[in-house]
Structures are given as structure tokens and as C-alpha cells.
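Given as C-alpha cells, the chain that follows is alone and in the form predicted alone.
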């Protein structure tokens, strides 16, 4: 039997994070060996609480949760928190009771470094929030980029408008300096941008199907989806929600769902386009040395089999 792919989910739960975590736990192809937390949809402290809560709901309190950074990599404290998308508690304003479990003593960065060195080349880190923890791990341990199998990240808006402003996608905008460190680190990176995730939509009709199913995860998600659906309805005039995090998890679970191109990605860290991800397609060799020259390449997703992703999401959550 093939060895299960080990994954660590770096997450800021968030409604679609909840869906992604449940999906990973329902995917027989992978073994979730830990969750690390980061700010984004909510502040880090609440992200940790939500991660512990979701593992309790799933009956998987055996999976450790390691708390991540509360600040950006440049020690910024003014964080962009998307609670208006996910609810002030991050989980659709359901005000669930606090989880019984606690995060482990180890920080997210130490946990990432330790696990990837224990299983060199075997751990995929799926990053669903700003990339601060990953950048800090790269800075703290030069071996991390060799030890980590792959980093599959949700981030960037490649050749499309961002979702924070026209230039920037939320996760990259959350810590552009960290994102640039990760993209230029030389690790094996697959970026799933909103140019991909905006093609993957869970419709109102799909939500009704989830509500009718007896799957425990489907039932739980239907409770928390209201806020998320109404935000999308207002912001995008759409009768459905974008499946950002679930698409990213499934790209790690089954790479055949997407195709990608390879090139250098740099992130703009200042000015009006702060958070912009610019992909250099290498079709032209420039004469002069630039900020793109001699940088390692990364993989950037360019197509997704959206119907297959939605079907997997539905099947796995309804049969939970």
C-alpha cells in the first residue's frame, strides 16, 4: 500500500478553512499530522481556538495544534482581519463553547522545522493563510527548504484583480514580506491563486444538498455557512461561495486536479500595489540583471478541474 502523504495545515479558521480541514481529515490519501495557526480571517489566538474546536468536532483531538505568529515578519501589529467575511468568531457567529484542548507548547515554527526534519521530503505543508510562519521557518533553519516535501499555498492573484484591492490577494497582502521570502526560497512551491479558486463555486443548490445529507461535517458546515454566503452575495453578486481553501487542500491531495506553469514569482512589498504577485514566465531572457534574475522557480496553477473539485468536496463532506 502506498505511504500516506503527511500534511501539516497552516490555517486561520475561517469558514472555508473549516471545510478544508474536514476535507483533509476525510481524504484517505493523506495523514494530517498537525495544524499550525496564523492570523488572517481572525487573530492568531482565535485561530488556535477555532482549530482546536474543529478537531474536537471531528473527533480528532489526537492531532496537535501549534500556535503561530501574532505579528507579521516585519513585526507589524496592524493586521488585516477578515472577520466581516467569516463572522467575528471566524465560524459564522455561532459562538461555540470553548474547546477543551490546548495548543502544544511548541511554536508553529518549531513544529514545522521538527516535523519536516523527522520526515525529510515526506511532509507537505498546506498554507491557507498569510505566509509568516513558513517564512520564519525558512529563516530559522536553512535545512527547512530541503526537508519540506512541498509547500502548497493559497495565495496570489495571477493576471487577475486581487480580492483586498485590485492589486492584492488577502493572504499575500497579510504579510507581503513573508510571501516574497517564501516564493524566492528555493523550496518546492505550488501556488493556488484566486485566478483558480474563483472558478470553483459551491452553489446555493449544493448547500441545500449538504443540508439534506446526514454527514456530520456537512451538517456542521451548514450551520456556519450563512455569513459566508451572504458576504459573497453582496460582494460578488453570486449565488454561491468560492472554495479557496478546499481547492488548495485538494490540489495537495490529488495534484492531477490542476495544471501549472513554472517561473519566478516576486511580491511587491511597498506602495499602492503592495501584495501584488508578479509571475515571470521566462519566455524572454532579459539582457540586464534584475530582481527576477537567478531566483528559483515555483509552480503556479493555471487550470483547475472545477467540477471534479466540487464533486470531491460534496462526496467527502456528505459521507462523513
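It should be emphasised that the depicted structure is a prediction, and the values quoted were computed from it without experimental measurement. Numbering follows the first chain given and starts at 1.
The protein also exists as the form predicted together with a small molecule; that form is not presented, and the subsequent description refers to it.
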field: Interface residue in the predicted complex among 136, 187, 224, 170, criterion: non-hydrogen atom within 4.5 angstroms of the small molecule
entry: 170
- prompt: 209, 216, 233, 80: which sits within 4.5 Å of the small molecule in the predicted complex by any heavy atom?
  reply: 80
Which of 96 to 104, 113 to 121, 242 to 250, 141 to 149 lines the interface with the small molecule in the predicted complex (heavy atom within 4.5 Å): 242 to 250
- prompt: Contact between residue 91 and the small molecule in the predicted complex at 4.5 Å, heavy atoms?
  reply: no
- request: Please run the contact check for residue 41 against the small molecule in the predicted complex: heavy atoms, 4.5 angstroms, yes or no?
  value: yes
field: the small molecule contact at residue 163 in the predicted complex, heavy atom, 4.5 Å
entry: yes
- prompt: Would residue 229 sit within 4.5 Å of the small molecule in the predicted complex, counting heavy atoms only?
  reply: no
